[in-house]
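Given next, in structure tokens, is a single chain: the form predicted alone.
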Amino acid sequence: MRSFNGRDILSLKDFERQEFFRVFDVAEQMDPIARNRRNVDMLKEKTLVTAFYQPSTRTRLAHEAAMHRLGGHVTGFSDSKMTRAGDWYQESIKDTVKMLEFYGDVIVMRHFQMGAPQEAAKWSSVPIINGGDGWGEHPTQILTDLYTVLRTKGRIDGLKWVAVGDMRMRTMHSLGYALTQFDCPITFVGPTADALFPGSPDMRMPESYKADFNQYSLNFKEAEHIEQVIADADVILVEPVIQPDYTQARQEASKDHSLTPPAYKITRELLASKAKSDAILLHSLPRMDEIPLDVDATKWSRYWQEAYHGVVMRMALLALVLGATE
């Protein structure tokens, strides 16, 4: 198994099966620190740089909280428009990263441009962690989701997944790549063109990703309605179908929030009537109305545990790439 020390975390396409379990093992070691709300000195001589060209709550703060829990330091920006990297100059990724590498020991980047963290990694002498790149990938989120499943179910292999939402989203792509390393069939449920309203885009899994999944022998299929497949699911992962364009740098919220159609919505009634009693429901958040609030208190919901595990997983990744554990 390759060492994680100094390694970039860019895509789950790069992960081999045993590397997933190594990360999970380290996350389990980190769990008591976060659970007991303690800070240790494991990374007391290290600094994390956050380079967020898109707004973020969970991804940025989970990385920052993880660094603080491990005794490290944090600097960076949460809005590139307030820096020279994103103002009138629109500084190149190379120029920005060549500066940021002097300010810390690891850089977490979220960018509206697909492939931006990979470009940053070409120029950086410190590890780059992909915090989400446009319609590309979101590896740390899916590592969090897999760890949540492992902690809840005690296993990953043999579980049937259903993923509901916009299949152009980066989480869906990272999930597909991750499950190529496990015995987990998955069904993708995403809207076809015009399914939401006239002129709405095709939100099914892009052909380029399906070709990759086939090459890596992912056991997957597609469905048009959640009711068709939810009864067989052990894990239900949901993302919105009503959302902003992730290829844009910054967008103001629209006052016109369309409602999620029933085909892509997980209600308490649907879970009670059709889902397995021990199925688990994941959502990386934020949500619109695809999971109503009354689902939160049901036995199926695991998104608050998922949020907690987001800190634990980022602690594990930071400890690994910064060489605090091998």
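These numbers were taken from a predicted model, which means no experiment stands behind them. Throughout, we count residues from 1 along the sequence that is shown.
From this point on, the text means the form predicted together with a small molecule, which you will not see here.
**Student:** Of 209-217, 164-172, 95-103, 146-154, which is the one stretch near the small molecule in the predicted complex, taking non-hydrogen atoms within 4.5 angstroms as near?
**Tutor:** Single hit among the candidates: 164-172.
**Student:** With a 4.5 Å heavy atom cut-off, would you call residue 285 a contact of the small molecule in the predicted complex?
**Tutor:** Residue 285: yes, in contact with the small molecule in the predicted complex.
**Student:** Do residue 50 and the small molecule come within 4.5 Å of each other in the predicted complex, heavy atoms counted?
**Tutor:** Close contact is absent here: in the predicted complex, residue 50 is far from the small molecule, nothing within 4.5 Å, heavy atoms only.
**Student:** Answer with yes or no whether residue 276 is in contact with the small molecule in the predicted complex, where contact means some heavy atom within 4.5 Å.
**Tutor:** Taking the distances in the predicted complex, the answer for residue 276 is no, it never comes within 4.5 Å of the small molecule.
**Student:** Can any non-hydrogen atom of residue 111 be found within 4.5 angstroms of the small molecule in the predicted complex?
**Tutor:** No, residue 111 stays farther than 4.5 Å from the small molecule in the predicted complex.
**Student:** Among the candidate residues 181, 80, 141, 124, which is the single one with a non-hydrogen atom no more than 4.5 Å from the small molecule in the predicted complex?
**Tutor:** It is 141.
**Student:** Which one of 58, 68, 268, 265 is close to the small molecule in the predicted complex, taking close to mean a heavy atom within 4.5 Å?
**Tutor:** Here the answer is residue option 58.
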